[in-house]
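Next up: just one chain, as structure tokens, the form predicted on its own.
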Amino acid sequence: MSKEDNAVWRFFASVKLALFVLFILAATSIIGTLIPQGNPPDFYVQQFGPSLTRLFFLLDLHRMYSSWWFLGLLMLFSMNLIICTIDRLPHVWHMVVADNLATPVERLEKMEQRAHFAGNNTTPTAAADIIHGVLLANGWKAKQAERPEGTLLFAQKRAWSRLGVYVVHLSILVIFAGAIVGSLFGFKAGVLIPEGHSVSEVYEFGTDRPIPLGFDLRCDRFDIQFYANGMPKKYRSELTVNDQRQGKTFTRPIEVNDPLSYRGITFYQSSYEPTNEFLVQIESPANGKKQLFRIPAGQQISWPGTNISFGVINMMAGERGGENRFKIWFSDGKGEPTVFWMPDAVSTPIPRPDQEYLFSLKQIYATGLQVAKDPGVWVVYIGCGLMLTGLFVAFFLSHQRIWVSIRQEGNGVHTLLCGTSNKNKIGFERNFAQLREAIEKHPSFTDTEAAS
């Protein structure tokens, strides 16, 4: 059974099928953009209600891009591309490698772009040499064959440009392959790390499944700056990677749009969360003593070996989520305790009966990180590069062909110049006109159409 008689083959080789699948993929991608992906059921119940949530989970709309039906559409589109390519590529390849010197002269006479010249005091051999030179001077490298009816010259440019569309086909398949590799062997997760703490695993979005990192990641410090209106201006985490297996330890700060990448895993600064703990430093300038404490809120803390005790007894939230202020209780055992308010991350002097102390406080934050591993990303990049190349070739380059037929007619020589292009007809007309003018200027030829 031939391919033309095979209904299954015709179905998968159909351009209509490709357009239909592309339309469905575009429409469903809009749905996947409107419906947040990878969240737990409670999120969808709050946002859309229980009825729509049941529908979302029934149709896998909450994880659409990894659902069975979306992957099925991609598989159908991939099969369509492969079979379309198998069905049409042999014919296109034949046009790329065809022996154009075997083209019948009768066909040349019917080409839209053609010009006739009469030879003056020349021979077919001499005329062929002159035409060779004219073609070469205009960027055409010609081949020559002797035919029973005379001499035939042929030159072409960019025959391979006919393959541009198949490079696009290949690029789509490469991108799909990269996406599958990323889906099977990669992950997207998140983690909160309080300052001074380490983690060795992160938690997958949507499932909260723990994923081992294979190394320890510690948040040494978190800093945040605010605008005057209280909105966050900039936040920054200082992270330390401790990989005992590889024997590597290093520290690197990260900010929004400046992530940390290690062993194929990328850590993005995405959020932060204040904790109920504080770093407090007390310094006695009189004797040079200082001590650093990590303390919870609402507890009285003592400095061992001294009469000093203190605590964070209240907090006032900043406007619009901005910088907080904290109420401090401080006593050195002499006189009434000092109670005062202070902002975060500053040093405040505390006058006491015998001396003055410097009290520094910094609220401890937990840095929120988005964690991603996508081993297929470079495959996708390669596919995107192939697609750009294929689109450029397919839309901006054309296969241009020129034939020159030279034959003896009585006592003179007749020359036919003709050509064709599969795209950019206007550009080819300009190139053909340049060749025609170059031949006209040679004293051995006369343009019979121009002369008439």
Partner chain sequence: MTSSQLLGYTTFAYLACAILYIGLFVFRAPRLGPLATVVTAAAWLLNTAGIGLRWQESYQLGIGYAPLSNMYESLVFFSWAIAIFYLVLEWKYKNRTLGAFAMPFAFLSMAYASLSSQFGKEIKPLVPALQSNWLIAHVITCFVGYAAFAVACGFGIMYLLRARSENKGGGKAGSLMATLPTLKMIDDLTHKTIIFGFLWLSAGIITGAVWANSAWGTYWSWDPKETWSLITWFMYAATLHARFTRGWAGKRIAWLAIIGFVAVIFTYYGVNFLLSGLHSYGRG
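Here, rigid core means the biggest group of C-alpha atoms that superpose within 1.5 Å across both forms. Values in this document were obtained by computation on a predicted structure and should not be read as measured data. Numbering follows the first chain given and starts at 1.
Omitted here: the form predicted together with the partner chain. The next part is about that form.
By the criterion of a heavy atom within 4.5 Å, F154 is excluded from the residues contacting the partner chain in the predicted complex. Shown alone here, H132 lies farther than 4.5 Å from the partner chain in the predicted complex, counting heavy atoms only.
Of the heavy atoms in T420, none are within 4.5 Å of the partner chain in the predicted complex.
Shown alone here, K441 lies farther than 4.5 Å from the partner chain in the predicted complex, counting heavy atoms only.
Among the residues I254, A179, I83, A128, the one placing a heavy atom within 4.5 Å of the partner chain in the predicted complex is A179.
A heavy atom within 4.5 Å of the partner chain in the predicted complex is found for one listed residue only; from Y235, F359, W140, F278, this is Y235.
Heavy atoms within 4.5 Å of the partner chain in the predicted complex belong, among the stretches 292 to 300, 193 to 201, 374 to 382, 96 to 104, to residues of 374 to 382. Within 4.5 angstroms of the partner chain in the predicted complex, the stretch 21 to 35 places a non-hydrogen atom from each of L22, L25, A26, S29, I30, T33, L34, taken in sequence order.
In the core-superposed comparison between the shown form and the other one, L61 has its Cα shifted by at least 2 Å. Comparing the forms between the shown form and the other one on their rigid core, the Cα displacement of G427 stays under 2 Å. Relative to the superposed core, A394 undergoes a C-alpha shift smaller than 2 Å between the shown form and the other one.
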